[in-house]
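Both blocks below hold the same protein chain, though in two forms, and each is given as structure tokens: structure 1 and structure 2.
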Structure 1
């Protein structure tokens, strides 16, 4: 244990009097408080502007109609983008969830420290990799020389989701009491039945919350869909493997760069739909996670 305080060095500068020290103390505490206020203010300002600009767009028609084919025209909705985003994220989750959970099972139930280290490192590196780099990789792998597909975007999103899912699942599996596993073994039940029948069901709530968080993250990822699923028609389609699918992040991106006010309006509406989905997902996940931790650490 190192001692961070050097006894030879006084905590205060020589000659500092109490009143000045108190004033500095108060000032620094005020600055720290102000910093926290600034962060919360930014969050509130962004959410309120999205909500107030998007609310005027929001209607049944906006959610159920496809966009108009004409450039910059008012009217139309984002139905095709909602369906497309749902498809892309669903396929991504279907790929990433089993892999993420299996990695977590390997790391918590099977691995020795020496084999776990490279896999942890790979997950950390994957987690720190920018989504644009992953998107360029998938572009070179699946799109270059072929054509954009919704699946290509799903593939990129799956790469982004795996480390998130593996990490939350791992955290949840670690919370399952060792006694449960020991009891199961003592009853003569072998490893895989213990894991599939006892450990996973106990952690199911936590895995679900982790999935919700990963889905919320993937739904807003723009770089992958920009490179892999951005050249599409106006109609609703669910053909993930055949064509590029319209989607919400790209809709916001292209409409935000447009110079037509009608496009800006649609961008705000789509942004409100996306941010509402993400915030609801995050808040429920947080509440569930807190509950799960309480139950399991009892």
Structure 2
């Protein structure tokens, strides 16, 4: 005996499925929104905490004077740490930038997919490598049996910066229209002159953006400078190759470990300076990247 079909049942089932999908969609949106709010809240809490504890230390003297030689003494600044960090990051950038750009040029313009795939994998693995592992490697390579130097810290930071520079530059080179390359080749210009004269200038804004991001990341790395250039400097020096250089991360570490309130206050002030530099660097890089994308999309 056959059961007559109810024409209203399929519509009812479809309506129930639609309502369930909407509930699941709303729930997932709420979870994603909550996760985003938590991430922003953590950043705000960190910035507010550091700013509230370190703002009282900010002054012209704090940025232009060296630390006092006496532990726990009030006054003094972090000028030597600022100069040391700037020198270490500058030398690291000078080493990492050409290597990163050349890797990106090879991956974009010369390599075949069979060879590009393992290189990109190696860059991704190197980008995710813990900085303490890189610091230990450089310590065994350059410092063990010798003294700490600013160059050793720069070398470690350069290793950290290379994959970020390479992948950022590669993405920017991919945005350069293929028609520009084809037109250059049609005029009889060889590949290297095309890359140097047309492709790189077109992607220059993106390359600078990646450089700013890499510099901001390197400036905040702590493990390399703690192992390779850990010195509390009461005098400013730019001798990168001959001695360890004072730097902001080590200044924060050493002052925070002190038992004197004046040193703790200086650590908060140094942390605020470092966070401000990283935030400005990241915001600048994002603004430059957005501008480059607008130019490339025209």
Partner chain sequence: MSAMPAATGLPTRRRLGDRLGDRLLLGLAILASLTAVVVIALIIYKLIDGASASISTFGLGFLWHSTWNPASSAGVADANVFGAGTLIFGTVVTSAISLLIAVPLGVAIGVYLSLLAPGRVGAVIGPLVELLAAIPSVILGLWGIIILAPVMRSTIEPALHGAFGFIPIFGTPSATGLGVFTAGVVLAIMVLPIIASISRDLFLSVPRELKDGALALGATRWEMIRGVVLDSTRPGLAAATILGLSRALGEAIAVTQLMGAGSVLSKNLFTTGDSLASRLAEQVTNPQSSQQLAALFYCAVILLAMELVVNLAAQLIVRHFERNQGVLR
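Not measured: the values here are computed from a predicted model. C-alpha atoms forming the largest set that superposes within 1.5 Å between two forms make up the rigid core. Positions refer to the first chain, counted from 1.
- Looking at both structures, it is structure 2 that matches the form predicted on its own.
- Shown in the overlay between structures 1 and 2, fitted on the rigid core, is a CA shift at residue 33 of 2 Å or greater.
- Once the rigid core is used as the reference frame, the Cα position of residue 283 differs between structures 1 and 2 by less than 2 Å.
- Superposed on the core, the two forms differ at residue 258: its CA moves 2 Å or more between structures 1 and 2.
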